[in-house]
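Given next, in structure tokens, is a single chain: the form predicted alone.
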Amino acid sequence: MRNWLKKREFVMLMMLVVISLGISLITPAFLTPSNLLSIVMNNIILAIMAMGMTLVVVTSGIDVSVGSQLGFAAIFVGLVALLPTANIFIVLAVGLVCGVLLGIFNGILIAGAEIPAIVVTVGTMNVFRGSLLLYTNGKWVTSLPAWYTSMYNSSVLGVPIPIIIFAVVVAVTYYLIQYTRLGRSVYALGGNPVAASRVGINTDKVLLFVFAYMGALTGIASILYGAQLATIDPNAGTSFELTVISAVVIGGASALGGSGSLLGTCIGVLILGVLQNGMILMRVEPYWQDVVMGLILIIAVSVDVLNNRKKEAQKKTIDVAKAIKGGVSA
């Protein structure tokens, strides 16, 4: 219990509780069951993508192309859903394949060509978006079939399908990072790339995996995106990458790599969702919402950097003390 109280996840959970109570005092409608369910449902897409972004950030990487990937995959999912022979399984396959291919494209450039992730993904963000606008000529995908759009609002044993999909994504991601060598290598790479390489970890393979997995989850999110809105805009997902990265960093993933947890990311998603919902209920102007979100991200990164500096200082102090002790003994 003492160790849990010291963890950043506990601090963020307490922050979420305090924020929620503060908003509920201003607007009682916040704590109603329908509104709380609305917060969860409106942030499922963000949460699914944030699971993949957690792995990317843990490797000390970043993917700012996920918004464009979401729009790209969503458009093709929508076009396939309009085909007479389409069904949910075909749509799911198209979303996954499209997302994985886009993610692999990023991974090959980052791991194979050894180009920094920020440079690659800024470039592919524009390539994906530009290609999509060129292909669609700016036209929306509309008149999506009911069997597809109803998926977002349907339930199984009283549990909404999007929540079930999210639970499966969390379970698979947790299994990968906890019980597979490849998943554990993600943290090893983020903690110390040189040491990871020396112990035999194929760092290129790990990087390719995390970006492909990020693409796969973006593909799944794109399916829910189209089902939720029933129409798909070629500009779908614009600036969405900033929200995904913010949720991961706010949830405790180190911007310098090596640390981060799925639980922390879930809490980060909820913090953003609660703040956004609360500000809407309090009728805060949209531009002030952007200011608040930006400030929270800056604070989260600043806290992370300060904590890392503190740890490095403590490590140096311990090393000096050991060296002095060793010299005295000699």
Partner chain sequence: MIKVKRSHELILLIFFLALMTIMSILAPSFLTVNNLLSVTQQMSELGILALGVTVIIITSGIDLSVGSIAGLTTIVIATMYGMTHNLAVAVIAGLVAGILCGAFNGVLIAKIGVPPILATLGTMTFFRGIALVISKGNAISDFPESYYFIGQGYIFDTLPVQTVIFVILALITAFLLSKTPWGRRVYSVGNNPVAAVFSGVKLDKVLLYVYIFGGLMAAISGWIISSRVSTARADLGAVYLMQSIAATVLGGTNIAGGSGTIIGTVIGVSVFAVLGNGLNLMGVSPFAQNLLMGVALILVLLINNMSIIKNKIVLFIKLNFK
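Residue numbers count along the first chain shown, from 1. These figures come from a predicted structure and were not determined experimentally.
There is another form of this protein, the form predicted in complex with the partner chain, and it is not shown here; the text below is about that form.
*Asks:* Could you tell me if Arg309 has a non-hydrogen atom within 4.5 Å of the partner chain in the model of the complex?
*Replies:* Looking in the model of the complex, residue contacts with the partner chain include Arg309, since a heavy atom lies within 4.5 Å.
*Asks:* Spell out, yes or no, whether the shortest heavy atom distance between Asn42 and the partner chain in the model of the complex is within 4.5 Å.
*Replies:* No - in the model of the complex, heavy atoms of Asn42 and the partner chain never come within 4.5 Å of each other.
*Asks:* Do Asn35 and the partner chain come within 4.5 Å of each other in the model of the complex, heavy atoms counted?
*Replies:* Judged by the heavy-atom cut-off of 4.5 Å, Asn35 is well away from the partner chain in the model of the complex.
*Asks:* With the partner left out of view, is Thr27 within 4.5 angstroms of the partner chain in the model of the complex by any non-hydrogen atom?
*Replies:* The answer is no: Thr27 has no heavy atom within 4.5 Å of the partner chain.
*Asks:* Give me the residue from Val64, Val274, Leu281, Leu263 that has a heavy atom within 4.5 Å of the partner chain in the model of the complex.
*Replies:* Looking at the other structure, the residue within range turns out to be Val64.
*Asks:* Name the single residue among Thr231, Asn153, Asn87, Asn126 that comes within 4.5 Å of the partner chain in the model of the complex, judging by heavy atoms.
*Replies:* It is Asn126.
*Asks:* Is the partner chain in the model of the complex near all of Gly22, Met51 and Ile164, within 4.5 Å of a heavy atom of each?
*Replies:* No, because Gly22, Met51 and Ile164 lack any heavy atom that approaches the partner chain to within 4.5 Å in the model of the complex.
*Asks:* Within 4.5 Å, heavy atoms only, one stretch in 42-50, 263-271, 27-35, 289-297 touches the partner chain in the model of the complex. Which?
*Replies:* The contacting stretch is 289-297.
*Asks:* What residues, if any, in 91-119 have a non-hydrogen atom within 4.5 angstroms of the partner chain in the model of the complex?
*Replies:* Heavy-atom contacts within 4.5 Å come from Leu109, Ala111, Gly112, Ala113, Glu114, Ile115, Pro116, Ile118, Val119.
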